[in-house]
Ligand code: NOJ
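A single chain comes next, written as structure tokens; it is the form predicted alone.
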Amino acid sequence: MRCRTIIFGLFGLILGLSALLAGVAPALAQERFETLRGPDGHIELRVGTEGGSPVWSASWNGSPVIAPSRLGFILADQTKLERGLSVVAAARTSRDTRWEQPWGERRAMRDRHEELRVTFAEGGPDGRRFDVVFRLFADGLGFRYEFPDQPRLKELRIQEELTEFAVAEAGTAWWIPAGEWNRYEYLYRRTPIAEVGQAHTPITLKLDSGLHLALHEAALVDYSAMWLRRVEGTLFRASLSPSPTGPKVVRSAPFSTPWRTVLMAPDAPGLITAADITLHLNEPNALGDVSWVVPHTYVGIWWGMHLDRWTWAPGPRHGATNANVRRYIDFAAANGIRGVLVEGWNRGWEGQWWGGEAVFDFVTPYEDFDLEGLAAYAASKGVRLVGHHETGGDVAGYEAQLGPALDLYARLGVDSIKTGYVADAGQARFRLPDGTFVRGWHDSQLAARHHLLVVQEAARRRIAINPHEPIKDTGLRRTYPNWVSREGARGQEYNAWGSPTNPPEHEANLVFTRMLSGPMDFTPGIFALKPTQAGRQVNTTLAKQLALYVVIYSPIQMAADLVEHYEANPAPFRFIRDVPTDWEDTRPLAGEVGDYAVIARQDRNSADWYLGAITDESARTLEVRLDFLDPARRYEAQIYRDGPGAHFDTNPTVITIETVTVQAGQSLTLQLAAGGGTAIRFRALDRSTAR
């Protein structure tokens, strides 16, 4: 009897184990991983599910870069999309195409990538599903979620995105905080990766192995911007910019999210080249003929306000007067400068104009500013007024006047506008479809919709847009080439405010962080570098201010100083007159994040090349090979360098200007003073003189 009991017990145990294994087997069968290798083999991707949760990882030359990282969403009205999922389909494609930028850092672009589309689905006939599309390039990757039309996801109300970036190695990070009052206008922090808080993108990382990464996004359309929150160690998770109305994103299916991007390069200059990925992941030009978008240099009624010599508001020191603007138009015409920016011309600047509501009138000038007469005077001199629409963060008020405001400028031949959104982060004012007003973030879904509205409406009138206090750049200039530049970082004006001023390393940080997202209207070219008031000083040398026209890219560049300072210094000002704003090619030659940068660019309209080199507070000697030059030519190198004893703090304006003949294969030794730089124009000589 006892033996029979033991036998039946063992039999029952076997049945129980069988049942348990039968229940586990289907779950194990659902675990499926797909792999993909980039076009030159450096990058390998692995994506699938672990325990029913979608994960992805990436390696560089066989070493982990992104450890297994979760994918998914928290929804406001349904269970989250992160568990109980399996890979039900996968498809691969390759692409190798070429396209041309109408303007940009380089004309010819090559989009060569491998693509993997993975479909994740929940079990059951009505299970929810979505695709994740990965594209691997030679120097980085991008991926996005795509939601098809389906019964249980007609509308997605996204509380949070659960996208993770589990950085596989310790290292150093350069970043600015997200979710703080001053939008993107912070000095870059350099910390261990494991000490990052919540950061805006791009965030730049240098792993202990030496590999450089930059995390960002592309094609931010009708969606909240992605911040990155460090969860623990070196694990980052997406944190979407908040919404004032509940869910951070509300979209009807079918739709695609922005691309999440990871640039990878063995050194800092390689990140500049890798940043083309952001453009490749955007849709092609949607505007057709954009020959009316004209890269140019401009001067303006601007720096004097920041120096507190002039005011935006009317009064005895009003900057936007007929006489003052005519003087700037005359200067621009005499020096071959296309544009004159005028701020403070329209009604609304009295009192506290920022962070308020409906204070600006975008069609009515002050009595001492003849808009129509000055536009005609500028046109007679071959110059264009550059328009200005400061909203004070009142998006609703601006949208209410947008059509008439743009029509006025279009009628007067004003074909570029600087817009502004000065308000604390989270305090921009929006109008909802039901007529109610809310306050929200500068990079929320509402803000993304607004900026695209302005760009599209401006394009209908052949006007280019340059927003300050903007939403960050994610490469939409490819789709809308009239979105020419933007601010989105601490610009030159902080040097006039003294709050504090930008340190000498600031621009060398920007090159490898903020500038990876796209053009910046940094407003270089300050010649009067010593402070007019205590604590206000531009912490660069004069030669570095010239070099910034090459190093900090924008298709529109301001000669930001007062014109009398240029008139008093015609020799260094010649470089600003000569340097183009549109490029055939760009070559990042050398650099380290926050330390120094050397960049060469070829003029799109001639055979000339230009070089800019900048450094931080440390003086440097750099050897630069001229291999980028055409070997069939000789060049006259017009060199603007730091003079003897130059120093950003004690002797910033001393400059040496010299000319030598050079050719490809030679090298130049650049001696950069503390906080200094070098700017060079390589003027191509006739081919008949080539050796």
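For every residue, the number given is its place in the sequence shown, counted from 1. Every value quoted in this text rests on a predicted model; they were computed, and no experiment measured them.
If you look for the form predicted in complex with the ligand, you will not find it shown, but the lines that follow are about it.
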Non-hydrogen atom contact Glu390 with the ligand in the model of the complex at 4.5 angstroms: yes
is_contact(Trp175, the ligand) in the model of the complex, heavy atom dist at most 4.5 Å: no
4.5 angstroms heavy atom contact with the ligand in the model of the complex for Trp302: yes
Contact test in the model of the complex: His468 vs the ligand, heavy atoms, 4.5 Å: yes
Per-stretch contact check against the ligand in the model of the complex, the hit in 122-130, 251-259, 347-355, 105-113 (non-hydrogen atom, 4.5 angstroms): 347-355
Residue among Asp616, Asp561, Glu343, Glu161 with a heavy atom within 4.5 Å of the ligand in the model of the complex: Glu343
In the model of the complex, the one of Glu399, Glu584, Glu592, Glu493 near the ligand [non-hydrogen atom within 4.5 angstroms]: Glu493
Members of 299-320 lying within 4.5 angstroms of the ligand, judged by heavy atom, in the model of the complex: Trp302, His306, Trp312
